[in-house]
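Next up: a single chain in structure tokens, the form predicted alone.
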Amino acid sequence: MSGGPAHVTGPVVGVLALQGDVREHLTALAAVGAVPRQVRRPEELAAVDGLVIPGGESTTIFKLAAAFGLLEPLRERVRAGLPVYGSCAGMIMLADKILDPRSGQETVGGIDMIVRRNAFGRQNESFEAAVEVAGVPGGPVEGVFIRAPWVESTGAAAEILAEHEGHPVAVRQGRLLATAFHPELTGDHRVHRLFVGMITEAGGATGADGA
């Protein structure tokens, strides 16, 4: 039993582990000094300093979040200021409005934007492109676009960080960050570093062993 000071770690960052590329986000978060944890239940959500909503299928993520009792707790934590990053389907989940939702599809919301699902094409039209992202130093980010959305319009509170072919593909509003592309698939962790920096600025960090 140690009497020394508690070991200080980076912020505890959850990845919504209902569907999608969860493992890749966990790896990227660990690489930039965060403590990654899978989140499937409300009590797990309550224990994190920030959250990633991964890419996948937005209608499936919505249905599973509702089935697991996570939808309202997610909305409550977003309203309370939890830093959240959504990639691809996660961008759709953070939008206040979907232009072409599936029947009954809802979002968590939080970013004053309207998104179009599958805007860049279907699975067989996936592509990669160099994207300049404001706030990410070191040159363009290699964006992987897989059935990716784009942002149709934003409100005054939302800041456009990146565009591709004239369409916004990265947006920030306060403590919320969203990209249409998948930085977790490239081995370039600069977007995740930006997000973890947002959590640190918001005061999210854990300073206890095993906490």
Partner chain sequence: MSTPPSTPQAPETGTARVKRGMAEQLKGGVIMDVVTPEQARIAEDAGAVAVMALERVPADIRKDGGVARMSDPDMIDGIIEAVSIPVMAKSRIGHLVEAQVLQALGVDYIDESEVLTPADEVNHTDKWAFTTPFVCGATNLGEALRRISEGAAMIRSKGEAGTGNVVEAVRHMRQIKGDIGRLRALDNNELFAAAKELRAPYELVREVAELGKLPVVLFSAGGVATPADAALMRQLGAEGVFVGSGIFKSGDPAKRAAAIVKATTFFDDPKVIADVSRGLGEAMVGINIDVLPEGERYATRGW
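Positions refer to the first chain, counted from 1. Not measured: the values here are computed from a predicted model.
What comes next is about the form predicted together with its partner chain, which does not appear here.
S.K.: Would you check, heavy atoms only and a 4.5 Å threshold, whether Arg117 touches its partner chain in the model of the complex?
M.R.: Result yes; Arg117 sits at the interface with its partner chain in the model of the complex.
S.K.: For Arg37, is any heavy atom within 4.5 Å of its partner chain in the model of the complex, or not?
M.R.: It does not: once its partner chain is placed as it appears in the model of the complex, Arg37 has no heavy atom within 4.5 Å of it.
S.K.: Please run the contact check for Glu128 against its partner chain in the model of the complex: heavy atoms, 4.5 angstroms, yes or no?
M.R.: Judged by the heavy-atom cut-off of 4.5 Å, Glu128 is in contact with its partner chain in the model of the complex.
S.K.: Indicate whether Thr60 is a 4.5 Å heavy atom neighbour of its partner chain in the model of the complex.
M.R.: The answer is yes: Thr60 has a heavy atom within 4.5 Å of its partner chain.
S.K.: From the list Val151, Leu45, Leu176, Ile146, which entry has a heavy atom within 4.5 Å of its partner chain in the model of the complex?
M.R.: Partner contact (heavy atom, 4.5 Å) among the options: Ile146.
S.K.: Looking at its partner chain in the model of the complex, is some heavy atom of each of Arg23, Glu163 and Thr186 within 4.5 Å of it?
M.R.: Yes, all three are in contact.
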